[in-house]
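Before any questions on how it binds or moves, here is one chain, the form predicted alone, in structure tokens.
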Amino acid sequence: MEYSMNQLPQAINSDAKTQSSENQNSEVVSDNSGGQTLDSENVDSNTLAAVLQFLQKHNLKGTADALKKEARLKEDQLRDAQALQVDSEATNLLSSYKSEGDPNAYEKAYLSYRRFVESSLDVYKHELSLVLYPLFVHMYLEMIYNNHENEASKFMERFSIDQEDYYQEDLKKVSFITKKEHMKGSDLMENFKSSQFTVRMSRDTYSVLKRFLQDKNQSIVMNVIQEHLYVDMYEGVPRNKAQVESTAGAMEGEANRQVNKTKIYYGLLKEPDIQLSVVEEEEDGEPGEGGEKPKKKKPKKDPLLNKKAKSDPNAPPASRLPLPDLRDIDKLEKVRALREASKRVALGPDSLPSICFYTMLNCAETVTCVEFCEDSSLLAAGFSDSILKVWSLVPQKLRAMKPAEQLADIDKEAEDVLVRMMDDKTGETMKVLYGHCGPVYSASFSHDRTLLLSSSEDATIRLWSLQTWTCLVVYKGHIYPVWDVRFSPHGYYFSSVGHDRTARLWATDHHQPLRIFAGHYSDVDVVQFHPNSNYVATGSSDRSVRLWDCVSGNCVRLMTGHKGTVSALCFSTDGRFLASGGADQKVLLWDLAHGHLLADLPGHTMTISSLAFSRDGTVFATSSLDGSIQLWDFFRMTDESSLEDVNISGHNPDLLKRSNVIESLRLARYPTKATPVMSLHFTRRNLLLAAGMFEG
């Protein structure tokens, strides 16, 4: 199958802000013939080298030769420029660190600003304090760059304990940079080079800050703010302490509000009209005593299919992202899902779900991931010894396809051809898949349960057939461990994330990614597809959550608030909300319409491992490595948030954080004896499935 998306340019999309290109301008001079030629004397040779490197990298030899000819650049000049280019890229940021001569001036300037924050009015204090961390880090790096190593070490030792707990891990890495040479090639310095730390403050707070900098002649503080901070200013009342803390903590500061103004289609795609007739069974189907023939079975329209699908005003256009056409087997599966949904239990405070827990006992190796398929009939688990196991959770056993010789004898027009293809002799309750050469970190079933994806420490993604039980494709694109992989709800597309700080969008019939989403500042640990397949959400060790557009490849939402690695993501059934959980033991609920944080759900004591919404969207389940499952009243949670008014102010609405409100939203808590909960899944009838490895 070929789709139009595959013809789009497969560009690397990055939302990182760079400043180096702004300072490099080339001049064009006109010759007598009316054409335009480049004057190599007026053009920075480093700029020319960078352009030529780009052209050569993308095999544009003709264009590169034409540029060399027009620029009159000789080979030796080009070699020197390219050698300089490598060094200049690494020193773009470093050159902005100016020497103040007296190293003690930094300590005085920092203390002066800290005293200013402490003595400010409470209404401004909380936003002004956001500058302390980036100010401290850049002062330290400036001292290192200017060879004040001993003073820098004392500065770090004295003031690092003043910074927030969630920055301590980053500060530990910064403290390892003790010489100017350490700054080149450092991942941390790459982050500082490619972005500015974002600080959000009201216009009034910014006026107070500006007055301080001008009155006190704070040149050091002013230089740091101008060079390395981006002040995201808004009109309105300054935020209180709770509002400031709720979105602080990410490696890049707070989310830039401009990013979250992009319109997104969070609605669900219109369900296709499925016209299938079902056969009505007659009670008197057996022949009577008089030898009468049984009554014929009459085709009858399924009442479930007569309901016309409503179109969601927030849904993306059907042609926005090319999706595979529905096959007959897909239509039958949708009918089956609708029938099961009609028997669904309505959940709420007075009707909590039953929980079925699958405990893995006596495991020789550590279980590294667990995954349920959409219709809850299969369970896959990855292990640290690189194997993948699949279990059947229903009486039907896992069978393999018959050999090719036997398949040739099967009537291809038979209604049960798919059943006849399978070999009953191979039926087992569990199958083992071998192929990876490192721990398997994630698994994901396709929507039709014929394919399984897995990712591993070996930097590969494997696609397995659940009909032949063999590996079909090995996708190689990541260069480091792949932490998570996820199939699109509509099949064909899948997404992966890894240690290389990128997320990638793939198609099953392409061995190279269609999109590379670059923008996170640390490992990307978890990925989740939006229910309409047009967007992908990622959570990272940089403590931020991002939403990416699969069509344009751009980051359309940036959400900050976690104080630790983001370890779990889940979209609500209507696509409007996104829940995220992290190593900070927090579960945060986001409104995708505006990118606002709506609720902070505490209660767990270890890393959040899994999140799940009930099929009717009324109950929200969270689980953790502390061995507990908590149920929340999601219907009330969104009902009590003033969703229509949240975008009026320049910041988040008041969170549902008051202890009495949170306790009323928590419906139940269920602890296990000694089993960390690794995965949660609601069945089509709203039974909650959970799984984990016993550690007693």
Partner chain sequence: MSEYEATGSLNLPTESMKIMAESVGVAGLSDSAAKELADEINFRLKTVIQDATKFMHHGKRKRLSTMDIDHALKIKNIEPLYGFSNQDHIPFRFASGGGRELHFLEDKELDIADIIGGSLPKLPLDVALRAHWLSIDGIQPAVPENPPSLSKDQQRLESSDPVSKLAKIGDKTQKKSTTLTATNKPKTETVQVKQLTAHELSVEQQLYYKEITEACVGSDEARRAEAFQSLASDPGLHQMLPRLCTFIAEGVRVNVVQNNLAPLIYLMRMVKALLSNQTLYLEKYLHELVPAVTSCMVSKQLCLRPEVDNHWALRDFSSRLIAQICKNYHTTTNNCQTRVTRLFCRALANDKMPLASFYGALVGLSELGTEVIKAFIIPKIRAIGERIEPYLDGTGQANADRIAASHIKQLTIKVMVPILKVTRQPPDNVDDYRQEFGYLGPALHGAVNRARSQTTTTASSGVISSAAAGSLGLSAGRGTIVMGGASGSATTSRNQSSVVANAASNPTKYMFVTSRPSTPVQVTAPQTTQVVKLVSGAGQASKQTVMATNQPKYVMVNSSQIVRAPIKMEGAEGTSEVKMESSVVIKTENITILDD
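Computed from a predicted structure; not experimentally measured. We call the rigid core the largest set of C-alpha positions that still match within 1.5 Å between the two forms. Positions refer to the first chain, counted from 1.
If you look for the form predicted together with the partner chain, you will not find it shown, but the lines that follow are about it.
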query	finding
In the predicted complex, segment of 252-260, 382-390, 236-244, 410-418 with a heavy atom within 4.5 Å of the partner chain	382-390
Heavy atom of Val367 within 4.5 Å of the partner chain in the predicted complex	yes
4.5 Å heavy atom contact, Lys68 to the partner chain in the predicted complex	no
Interface membership of Ser522, the partner chain in the predicted complex, 4.5 Å heavy atom rule	yes
Contact flag, Leu625 vs the partner chain in the predicted complex, heavy atom cut 4.5 Å	yes
Sequence-ordered residues of 414-449 touching the partner chain in the predicted complex, heavy atom within 4.5 Å	Met430, Pro439, Tyr441
Asn256 C-alpha shift between the shown form and the other one of 2 Å or more, rigid core reference	no
Large Cα shift (2 Å or above) at Glu149 between the shown form and the other one, core-fitted	yes
